[in-house]
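To begin, one chain is listed below as structure tokens, in the form predicted on its own.
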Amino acid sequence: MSKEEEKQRRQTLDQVLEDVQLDQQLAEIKHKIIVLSGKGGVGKSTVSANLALSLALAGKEVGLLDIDFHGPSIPKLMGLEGKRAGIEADRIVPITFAGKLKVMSLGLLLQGEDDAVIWRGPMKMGAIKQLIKDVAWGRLDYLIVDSPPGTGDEPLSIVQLLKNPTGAVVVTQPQDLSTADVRRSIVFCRQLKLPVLGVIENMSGFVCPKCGETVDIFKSGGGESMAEKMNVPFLGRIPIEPAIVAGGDSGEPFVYFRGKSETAIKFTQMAEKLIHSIEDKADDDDKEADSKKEEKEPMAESVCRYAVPTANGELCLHFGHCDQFAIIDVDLNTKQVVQSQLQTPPPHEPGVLPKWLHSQNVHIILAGGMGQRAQSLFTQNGIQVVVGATAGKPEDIVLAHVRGALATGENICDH
């Protein structure tokens, strides 16, 4: 094996192990909620912070993740400016607010508060992955993700990395200019099959600090009307209140320091709506899963799952002609087979096998030959493909690959 092939093999194994670690971390978090807005300046970070705290004050274990790299507002809103996240046992330790809410933001890792982040998409993807995988979140009931406005790299990356997020909360102002942008966020969610948990209409009226009267500066009801037209839930309205602005500037989150106010109660009510809608559905899903008896044991962090197409107990050189798959788990630390089983796949039709092997939690396929189109479909399903393997017993082929001794030839099916 050449140095380049060895480097590529090691990168593949490292990537697989990293993905397994990410899966293990995500398994510790019950519900992942992404807070979106189609437009900047609607108070999305303020909503994220107060909503997360409302959930924590309701007795839930909650994390708040800020992925707005170019303008991280969460450290300021939570009074954490100047503080830095710690490192313990190679894990980033989030800062805990008032013993109730775990907070992580790139702003808590930068050397200076005024440092600018100048990154392209792939670097953002890697940073978001690290903020999920390498942070010591522990077990959480909810992870609230404050994303930047729009439907660009960060929102797309977090949806992909969370793999199966619970849903999105969309923040808007009541005027038409804002709701038009927010409609695009809802379409974005639908295209990615991300459930919209609800719309929050922020800055809906101004509460006079002297008399308490509410004046509709930006009008009112636009968010609710838009939610009704788009057939998504409406969670409620939050007015413009000077105390919210003052609390944000001073790092004193509104619902924590003014919890008995009418506006803080509205945040509490919205959190309660989310809890009921999410956990009631989760209970129903758990009952359905129990009835089908489809529970699976999670794999250890160091285990990599291989699939080898077989015919008559050996590697089938032509991928499309196999009759079974050998599904083999290997411990990457000991380089030994942990478990091996034969699985009969569904009928070979376009796009079926990639989805089926993804559902089997396969990380790598070792094949003799496979067409370019099939390879592309497996890659889209997060499965690495190695072609050019020669005939032999599946376990021997897998162990040879793990140990860097697999001899590969030409792809015999490159069409």
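Just so it is clear, the model here is predicted, and its values are computed rather than measured. In case it trips you up, residue 1 is the first one in the sequence shown, and so on.
Although not depicted, the form predicted together with a small molecule is the subject of the following passage.
Proximity to the small molecule in the model of the complex, defined as a heavy atom within 4.5 Å, holds among Thr179, Ser157, Asn202, Ser185 only for Asn202. Checking Pro354, Gly43, Gly369, Gly63 for any heavy atom within 4.5 Å of the small molecule in the model of the complex turns up a single hit: Gly43. Contact with the small molecule in the model of the complex, defined as any heavy atom within 4.5 Å, is confined among 317 to 325, 94 to 102, 232 to 240, 137 to 145 to 232 to 240.
With a 4.5 Å cutoff on heavy atoms, Val245 counts as touching the small molecule in the model of the complex.
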